[in-house]
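Quick setup: one chain, the form predicted alone, written in structure tokens, and binding and motion questions come after.
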């Protein structure tokens, strides 16, 4: 599974990129707004930092507006993936941009039939929002499983990008359900390393080693 970071915070992205474990980045208008900077500057800096796909979202709601914004965003860097909403106009714009060779991340997916339409429109990624489904009393992970089955049934190459991930448990379950990628906030990424038994085991090893009085070097 590929790990994307859902952030526009350059400091967080630099720290995560240093691990060599981050495959891409997703942004959205809310994350860009928090940065207080121009979107082109933020996207360009992220793309220079992370060589993998960097999703930059159009904010227009009509086809022509999405196409204009999508083409502009794509011009910022070669690893920009244009992010479009799963609406009728969004799918029409997706089909056009995909035909032009632009990778598209179709976002705000909440059903398997929506995901089917995105695949037919040529989406590179589909982003089901599992956390938001859970918030509404639904099983977000079941959506991942349904999309996986639909895509496998028909050989669609659109990649499932689990989004709205809130916990390490979400990350685990998305991997088990067959998601190709998961986009997670920096707090969840940093929590992936952690387990209390790892800490206890390391402390025991270090204590035993210290008792020998030896040095490896």
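What you see is a predicted model; the values in this text were computed from it and never measured. Residue numbers count along the first chain shown, from 1.
One more form of this protein should be noted, the form predicted together with a small molecule, which is absent from this view; the next part is about it.
Looking at 96 to 104, 124 to 132, 142 to 150, 73 to 81, which one sits within 4.5 Å of the small molecule in the predicted complex if you count heavy atoms only? It is the stretch 124 to 132.
Whether residue 28 contacts the small molecule in the predicted complex should be assessed with a 4.5 Å heavy atom distance threshold; does it? Answer yes; at least one heavy atom of residue 28 falls within 4.5 Å of the small molecule in the predicted complex.
Look up in the predicted complex whether residue 37 has a non-hydrogen atom within 4.5 angstroms of the small molecule, and give yes or no. Outside the cut-off, so no.
Please determine whether residue 164 contacts the small molecule in the predicted complex, using a 4.5 Å cut-off between heavy atoms. Yes, residue 164 is a contact residue.
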